[in-house]
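Next comes just one chain, in structure tokens: the form predicted alone.
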Amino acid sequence: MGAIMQTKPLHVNPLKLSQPMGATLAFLGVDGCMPLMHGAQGCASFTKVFFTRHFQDPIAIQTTAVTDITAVLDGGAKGIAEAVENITKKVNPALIGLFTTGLTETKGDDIKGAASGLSLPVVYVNTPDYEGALESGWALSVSAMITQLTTPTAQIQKGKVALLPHVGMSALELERLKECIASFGLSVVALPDISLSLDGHLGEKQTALSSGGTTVEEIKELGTCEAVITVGASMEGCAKALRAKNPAITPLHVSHLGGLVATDSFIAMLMSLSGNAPTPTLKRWRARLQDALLDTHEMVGGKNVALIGEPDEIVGYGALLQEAGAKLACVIGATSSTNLESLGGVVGDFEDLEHRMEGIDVVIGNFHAKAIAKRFGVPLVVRGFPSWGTVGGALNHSVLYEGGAQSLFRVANVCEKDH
């Protein structure tokens, strides 16, 4: 990977979300899981409030509540054991996802040793929040689940596919992606699967654990997949972790699923894997996206777009808008990535966005971009974490043919309204 320009050595108006927050999301995509953040109580409280506001649903998370005393005297094992004991007094989790913060990483706590002393199924992962971002915290947790839970095997189940999506995919996007793969006659297991746990559905009763998602048994049996499909540059390491369990698994990777060209390549990949042709519905949506590119060209073509967010997410949006004739005048990512490099973007924050707003026609970013967009009188399309100002963010859809058409209409409409 070439060098990506880092605008400055600190974040003035932060865009980046922490690795522990990415780990929280990943574990919430496992059925019956309790994410356990090893750190101060405030870290878990902030994450809980952040995601509760974003998803507008209760968020399951617990903390080891490290204090100023235990931060100095305790090696971490006692606090982790006490937290697990308190959890199991109230609920019976299928899995505990144990992950660190900057505080406990600086202390040097041995979470692997602490986890090995517990009787419950535990996946541990080091996620210091002074490194990486939301994207890498998610990917590290997925890799840890595969490494620690998946059973090594040499057997392959024909037609079974493991899907490893990046953190920026919404619940509906993941659901549509699974449906697309299944339409070729393939069985698919997504890890994690927030399309079943964080999709805003009304359950029969409120639960203290994650409700829906990949089961622990499914994770254990992932090694029998014929192929593993990774979406996003951040997830390539997870495919390597799965192939270490069974080298016979075929790795298939796509950087993104935004726009006509990328979706065509993905569909060709599925046709080759399955030997089956696309369904009439899929062909119909391809034709609709082609028509949407024509219909929106007048409104979107030539517009200067500012994209800001997680690299794996914004790269798909960027490809889609470029196909409609838009210009990516400003691209800012939360962390370094080959996907950000492909867009010619920089690693930065909202201060960088504010300094680059001259001549921008539309901003695509999370809710925190709203104040800047309003100050410059530029329309904003809200996308990413958080989306507090809009309802139904979990059901945003911008991938494959259908999502591409819907996204183009959304951008075109805000541009047209601005006129």
Partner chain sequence: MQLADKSIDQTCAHVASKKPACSRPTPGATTGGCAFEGAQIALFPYADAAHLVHGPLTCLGASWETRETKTSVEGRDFTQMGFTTGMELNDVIFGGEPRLAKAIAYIVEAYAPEAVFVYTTCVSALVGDDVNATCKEAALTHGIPVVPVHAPGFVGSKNLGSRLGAMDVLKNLIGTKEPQFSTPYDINLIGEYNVTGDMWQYTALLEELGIRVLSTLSGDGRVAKIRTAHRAKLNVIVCAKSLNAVCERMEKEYGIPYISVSFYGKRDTSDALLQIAHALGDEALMERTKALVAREEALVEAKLLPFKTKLTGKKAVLNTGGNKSWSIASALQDLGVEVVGTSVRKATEEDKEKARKYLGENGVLMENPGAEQANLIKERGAHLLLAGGRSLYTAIKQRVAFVDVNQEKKVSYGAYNGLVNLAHDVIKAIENPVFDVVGRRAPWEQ
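Numbering follows the first chain given and starts at 1. If you're wondering where the values come from, they're calculated on a predicted model, not measured in any experiment.
The form predicted together with the partner chain exists for this protein as well; it is not shown, and the discussion that follows is about that form.
Colleague: Considering only heavy atoms, tell me if Ile87 and the partner chain come within 4.5 Å of each other in the model of the complex.
Modeller: Looking in the model of the complex, residue contacts with the partner chain include Ile87, since a heavy atom lies within 4.5 Å.
Colleague: How about His397: is it within 4.5 Å of the partner chain in the model of the complex, going by heavy atoms?
Modeller: It does not: once the partner chain is placed as it appears in the model of the complex, His397 has no heavy atom within 4.5 Å of it.
Colleague: Would you classify Gly403 as touching the partner chain in the model of the complex, given a 4.5 Å non-hydrogen atom cut-off?
Modeller: Although the partner chain is absent here, Gly403 would stay clear of it in the model of the complex, with no heavy atoms inside 4.5 Å.
Colleague: Considering only heavy atoms, tell me if Gly79 and the partner chain come within 4.5 Å of each other in the model of the complex.
Modeller: Close contact exists here: in the model of the complex, Gly79 approaches the partner chain to within 4.5 Å, heavy atoms only.
Colleague: Check Phe46, Arg53 and Glu354: does every one of them have a heavy atom within 4.5 Å of the partner chain in the model of the complex?
Modeller: Every listed residue reaches the partner chain in the model of the complex, so yes.
Colleague: Among 184-192, 254-262, 101-109, 319-327, which stretch sits within 4.5 Å of the partner chain in the model of the complex, heavy atoms only?
Modeller: Flagged stretch: 101-109.
Colleague: Which one, Val216, Met269, Ala71, Val346, lies within 4.5 Å of the partner chain in the model of the complex by heavy atoms?
Modeller: Only one listed residue qualifies here, and that residue is Ala71.
Colleague: Which residues in 375-400 have a heavy atom within 4.5 Å of the partner chain in the model of the complex?
Modeller: Those in contact are Arg375, Trp388.
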